[in-house]
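One chain is shown next in structure tokens, namely the form predicted alone.
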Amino acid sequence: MALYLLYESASGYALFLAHGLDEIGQNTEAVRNSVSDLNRFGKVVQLAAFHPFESALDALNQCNAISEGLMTDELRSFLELNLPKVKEGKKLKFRLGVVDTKVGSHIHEVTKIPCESGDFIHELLRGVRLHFDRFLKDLKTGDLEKAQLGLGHSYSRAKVKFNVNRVDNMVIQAIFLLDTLDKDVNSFSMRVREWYSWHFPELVKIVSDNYLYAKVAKYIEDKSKLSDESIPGLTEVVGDEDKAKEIVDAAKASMGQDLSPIDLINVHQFAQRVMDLSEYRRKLYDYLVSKMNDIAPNLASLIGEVVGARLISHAGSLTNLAKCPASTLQILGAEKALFRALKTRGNTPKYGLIFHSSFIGRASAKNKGRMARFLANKCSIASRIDCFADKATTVFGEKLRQQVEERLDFYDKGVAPRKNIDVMKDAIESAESKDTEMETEEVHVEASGKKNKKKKSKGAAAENGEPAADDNPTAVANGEALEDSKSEKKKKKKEKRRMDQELELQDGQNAEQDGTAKKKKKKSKDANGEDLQSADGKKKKKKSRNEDAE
């Protein structure tokens, strides 16, 4: 039985024919030893056919299909063209060796070609890979390496850039930087307080906020220059006139030492740096909120942006977090306490990073563990919806948050919460209604855009003296649906008018038959179109005859 080998290279598909392998008995060790020698291996394995890829994009598509275990149309045509034909009811005299069992099963399902994969086939294909450039005589030195390098780069780039808007690496880096900035801003603010307190120690008790203290220290600089005239400026900085007066009064009776101008300049610059860091921290928080709303909107609406970002960063990615069960998510961040409890056979921790959620703080001491378990369950559901849903929506997160609120009321007041299946049904219905509203809005926007375009085209044609947009073939092509509907309406109106006219004619004929002779004469005159002047003349003659008779 002949054995064919399918080899997928970076430059194309290759089909090899292996001879004289039945006598060997498919000894893997013998093949492994003879692979390195091209003279021995070349006598056993020979090139049967080769199909090069058309372009780098074609190579990437073929590589993606093979990695997913699928057979493309190009590969099917290549195999059917170069392999013996498969006849139904007859025993096949060949078999095909492949590397991946998934690809082999798909080839067998579609083409009924028998495929094999095992250690023996792998060793033969390893020899093919080793001596592939020797089998293809038209290849130049370095061509195969370039093709492999380009395909590897494009394949990796396509895998990394599958969805730019939902990359959770930015969230991980942002939350790490946010935690670092919190520590740095706190330490720098304490350094500003300690440094400036040598000059103005009473300011620490008056201004407690770190950012506001740095702002006031930058504004004051030298306390000896403070007077009642500087109260309006201090009021703008502090936001309270009474506090500004208190600062001025404390500066007049301060116990601090005087500083040289150079020292005051350094304090001023350092306070400015602390203020800049605080401003950057606020902007970074806004950036984190926007990214969380794009990547994990349901998780953010349920537990908050910061806690959700910490969970994602600790798990490694949103996909890893979605794979975690609720019990793992509950103690995520408390691994040391967990392993210490397991080692000492103590009590395991009840919560990890989700302790920073407001729900855990609002629960009573005896219900914190229950609340943490329930919240971890809902966070697991929200993360899976965010990871695997096609469209981003916050409906499920809001419904899950309502469930957590109801659970809190149940623990505190005993109010029975709704069932999960009812809440999920409501969430699905609301999500579908939102989708339909969005679709209708898009349709209205498109229709209004077409109308505006028509009006503009008609106005431009009227100004330039050109025919209207309806006579213009481009305008007809742009708005065929609207014109068809208008023409149908016009036809219906014309048909109604015709029916009304026919009914009126029938009524008029009946009236003529039942009416007097005078009316018939008048109607006949009107129908024949006689002049009004002749009718007036006859009337005058009749009147004159009547007068003569009298």
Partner chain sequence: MRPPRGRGSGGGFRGRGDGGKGRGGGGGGRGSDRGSAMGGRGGGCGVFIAKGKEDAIVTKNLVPGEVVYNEKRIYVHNEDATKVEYRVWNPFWSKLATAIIGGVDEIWIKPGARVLYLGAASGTTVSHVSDIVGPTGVVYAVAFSHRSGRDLVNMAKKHTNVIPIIEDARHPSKYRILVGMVDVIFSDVAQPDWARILALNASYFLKAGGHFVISIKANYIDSTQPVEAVFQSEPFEQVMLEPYERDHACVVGAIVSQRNPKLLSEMLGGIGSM
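Numbering follows the first chain given and starts at 1. Just so you know, these numbers come straight off a predicted model, no measurement behind them. Take the two forms, find the largest set of C-alpha atoms that superpose within 1.5 Å, and that set is the rigid core.
What comes next is about the form predicted together with its partner chain, which is not displayed.
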Just one stretch in 220 to 228, 273 to 281, 120 to 128, 260 to 268 has heavy atoms within 4.5 Å of its partner chain in the predicted bound form, so which one is it? 120 to 128
Of V192, L332, I360, V306, which one comes within 4.5 Å of its partner chain in the predicted bound form, counting heavy atoms only? L332
Pick from E241, D100, E109, E406: which has a non-hydrogen atom within 4.5 Å of its partner chain in the predicted bound form? D100
Would you check, heavy atoms only and a 4.5 Å threshold, whether R157 touches its partner chain in the predicted bound form? yes
Any of the heavy atoms of E145 lying within 4.5 Å of its partner chain in the predicted bound form? yes
So in the predicted bound form, does any heavy atom of G152 sit within 4.5 Å of its partner chain? yes
Would Q46 sit within 4.5 Å of its partner chain in the predicted bound form, counting heavy atoms only? no
Checking a candidate spot here: are Y285, L375 and F410 all in contact with its partner chain in the predicted bound form (at least one heavy atom each within 4.5 Å)? no
Within 4.5 Å of its partner chain in the predicted bound form: residues from 336 to 365 (heavy atom criterion): L338, F339
If the two forms are fitted on the core, does R126 show a Cα displacement reaching 2 angstroms between this form and the one not shown? yes
Core aligned, does the CA of Q403 move at least 2 Å between this form and the one not shown? no
Please say whether, between this form and the one not shown, the C-alpha of K146 moves by 2 Å or more once the core is aligned. yes
Between the shown chain and the other structure, the Cα gap of K391 to L70 differs by 3 Å or more. Is it closer or farther in the predicted bound form? farther
